[in-house]
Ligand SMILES: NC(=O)c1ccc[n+]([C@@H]2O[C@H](COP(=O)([O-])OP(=O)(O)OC[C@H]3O[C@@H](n4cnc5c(N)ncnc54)[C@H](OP(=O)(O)O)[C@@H]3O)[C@@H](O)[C@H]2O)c1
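Have a look below at one chain only, the form predicted alone, in structure tokens format.
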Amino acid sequence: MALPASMKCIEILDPGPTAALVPAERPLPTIGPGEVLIRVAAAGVNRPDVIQRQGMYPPPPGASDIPGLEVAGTVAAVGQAVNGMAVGQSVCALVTGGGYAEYCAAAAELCLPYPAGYDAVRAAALPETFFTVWYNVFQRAGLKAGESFLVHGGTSGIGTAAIQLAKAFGARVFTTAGSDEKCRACRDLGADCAINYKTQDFVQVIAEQTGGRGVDVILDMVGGDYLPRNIKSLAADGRHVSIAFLSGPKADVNFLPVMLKRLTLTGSTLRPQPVAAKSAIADDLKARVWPLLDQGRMAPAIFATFPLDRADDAHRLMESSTHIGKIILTLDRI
């Protein structure tokens, strides 16, 4: 496949509001051993992209400064030591940056095939959210069939994936959302109980619904004053996983119930982890989750698509929090 010398992309000119996202032209990324070059057809928009644009989430060392953590498209070039992948193959991939572009370098180990019947838009909606949920909820927190699970922000990309995954693997699913409409959407995705946090106290609702026992696992993207409330909502031996702090990273916490209930409080960021660690997540997803996607037992919830040069509009929508599910950037090669 003949490759051009340069590509269109979206840069962050100066950290700040959505106007910081500007179209640009750059040389194609170079790929190293173990990497492939993807001709991008669609790229997911995620909250970390917004935080990076605002100047509060710099790329890890060696990562592209172009935003974008997940892409789908076709393999345009294959690096040395890559086996089992060929030019022209359709893949979606988790990347450390560079997704808002016509071409993106990706570790071959973090590329997964399109599920059956998927196009690039649907495939691009998978990597960041499914890697994040699987790692934190199933690998770190060890959610098991028969347990109960709470995810805050049930209509976010992470939330919509978490609801479906937890339900598919046999958990009782609770979630919070900011309107009755969003709560209905969560229930449609499989949530057993959706709590409107603007009109209901989730601590009280969970206590009532579980007979005072609480839930076994909580996935939290809110932080701040949600942490002590989450602790109240956890059952004995419960596990709490923090993955973002929309309300801030600091909280005043009474650790006595943590000790009395033998709770585990943990957290993670996925982006700076080494390829080997993320490769183990990819292997698990391919073996245990991709078959469910192939069978149509779950699917990404896609709210809106925008062409690449309207990335600023996509970010405005993300920041409005009015969306239900994923926001995707598209190129003219779907």
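Sequential numbering from 1, following the sequence displayed. Here the structure is a predicted model, which means the values were calculated and not measured.
Here the subject shifts to the form predicted in complex with the ligand, a form of this protein not shown in this document.
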Just to confirm, with a 4.5 Å cut-off on non-hydrogen atoms, which of Ser279, Gln54, Thr269, Thr266 contacts the ligand in the predicted complex? Thr269
Which residue, Val203, Ala235, Val78, Ala244, has a heavy atom that falls within 4.5 Å of the ligand in the predicted complex? Ala244
For the spot marked by Ala93, Tyr118 and Leu126, is every residue within 4.5 Å of the ligand in the predicted complex through some heavy atom? no
Only one of these stretches, 42 to 50, 60 to 68, 293 to 301, 280 to 288, has heavy atoms within 4.5 Å of the ligand in the predicted complex; which one is it? 42 to 50
Within a 4.5 Å heavy atom cut-off, is Phe169 in contact with the ligand in the predicted complex? no
Does any part of Tyr114 reach within 4.5 Å of the ligand in the predicted complex? Heavy atoms only, please. no
My question is simply whether Lys182 lines the interface with the ligand in the predicted complex - judged by any non-hydrogen atom within 4.5 Å. yes
Residue-level question: is Thr132 within 4.5 Å of the ligand in the predicted complex, judged on heavy atoms? yes
Give, in sequence order, every residue of 174 to 204 that has a heavy atom within 4.5 Å of the ligand in the predicted complex, or say none if there are no such residues. Ala177, Gly178, Lys182, Tyr197
